[in-house]
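The form predicted alone is given below as one chain in structure tokens.
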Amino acid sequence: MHTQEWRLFAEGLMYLSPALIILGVFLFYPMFKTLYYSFFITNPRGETVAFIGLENYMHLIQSPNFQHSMIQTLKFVLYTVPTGVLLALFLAVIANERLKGVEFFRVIFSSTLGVSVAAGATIWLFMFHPSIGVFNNILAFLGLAPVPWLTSGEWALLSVAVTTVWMNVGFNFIILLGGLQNISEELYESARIDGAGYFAQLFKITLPLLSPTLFFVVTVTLINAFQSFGQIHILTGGGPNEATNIIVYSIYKEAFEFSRFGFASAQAILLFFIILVFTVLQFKVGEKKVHYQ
């Protein structure tokens, strides 16, 4: 590079340095430290004891517990991502209609954004309670048997997934509603003049022009689903019988309950690559169907 280009490069780095320092300290350093730990056996204080290379990874891939955790994680992602996005899209579409009092419903639909994970999980913990919970009281009123929402391996993952969808719907709703309100009203007026009905406008105008926002929401929701932790910790603690022990909770247990920081670090690195693969696939496959204006 010429002197002028070097000067501009140094000037750019100077402006970027605060962000680079923050990213380096809080993102890149922990990532490289986790990668480093994954090649070692550690003692209960988190100090490295012996270098074992890829042994943690080999043990992890062959571990039945890890395989079970991965299956439960994929089920959890399958339960939460399509449901959460479609529910938020439905709410955003009806909240985008010009109806009297629709502002009230916009506030209600987005209200979960203001609820912390701990508070939201505690609310649902009471709702799922076997004796005083609202769901079992409704079932009792209908003459049906109570359901062990959080204490049965058959229902626990589904119950946590419902809680997660409720927690995420506010954020997804606001993003999708913003995308809908950016679509020009002139397009709808032209379509109505040409005789297009409501569903023709929805599938020919709304969804194609909303596709960049939808793509963003799906990507973020997928990553959040893989990283869910707080609601699982509060509602089930990974149980019953490992039914909700998805991979992030498994990492927490290995590191802070069993003090196997090297093994937990290997799981964290594998989770990073799993999310990376899913994200790359989304960009390779999903982005082709996105219509940028």
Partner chain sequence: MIRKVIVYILLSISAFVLFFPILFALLASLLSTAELYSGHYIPSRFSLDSYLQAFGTIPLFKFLVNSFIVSSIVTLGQLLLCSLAAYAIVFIPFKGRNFFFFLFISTLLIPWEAAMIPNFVTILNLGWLNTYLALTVPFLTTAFGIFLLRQHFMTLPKELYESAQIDGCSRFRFYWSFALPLSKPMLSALAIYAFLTTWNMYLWPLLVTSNENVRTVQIGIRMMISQEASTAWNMVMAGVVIILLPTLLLLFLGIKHIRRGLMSGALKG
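Treat the numbers as computed from the prediction; the structure is a model and nothing was measured. Numbering follows the first chain given and starts at 1.
We do not show the form predicted in complex with its partner chain, though everything after this point is about it.
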| query | finding |
| --- | --- |
| 4.5 Å heavy atom contact, G114 to its partner chain in the predicted bound form | yes |
| Interface membership of A118, its partner chain in the predicted bound form, 4.5 Å heavy atom rule | yes |
| Close approach of Y57 to its partner chain in the predicted bound form, 4.5 Å, heavy atom | no |
| Close approach of E97 to its partner chain in the predicted bound form, 4.5 Å, heavy atom | yes |
| Candidate stretches 49-57, 238-246, 63-71, 32-40 - the one whose heavy atoms come within 4.5 Å of its partner chain in the predicted bound form | 32-40 |
| Output flag, V85, P148 and V285 jointly within 4.5 Å of its partner chain in the predicted bound form, heavy atom basis | no |
| Interface residue in the predicted bound form among I174, V162, I205, L139, criterion: non-hydrogen atom within 4.5 angstroms of its partner chain | I174 |
| Within 4.5 Å of its partner chain in the predicted bound form: residues from 2-25 (heavy atom criterion) | E5, L8, F9, E11, G12, L13, Y15, L16, P18, A19, L20, I22, L23, V25 |
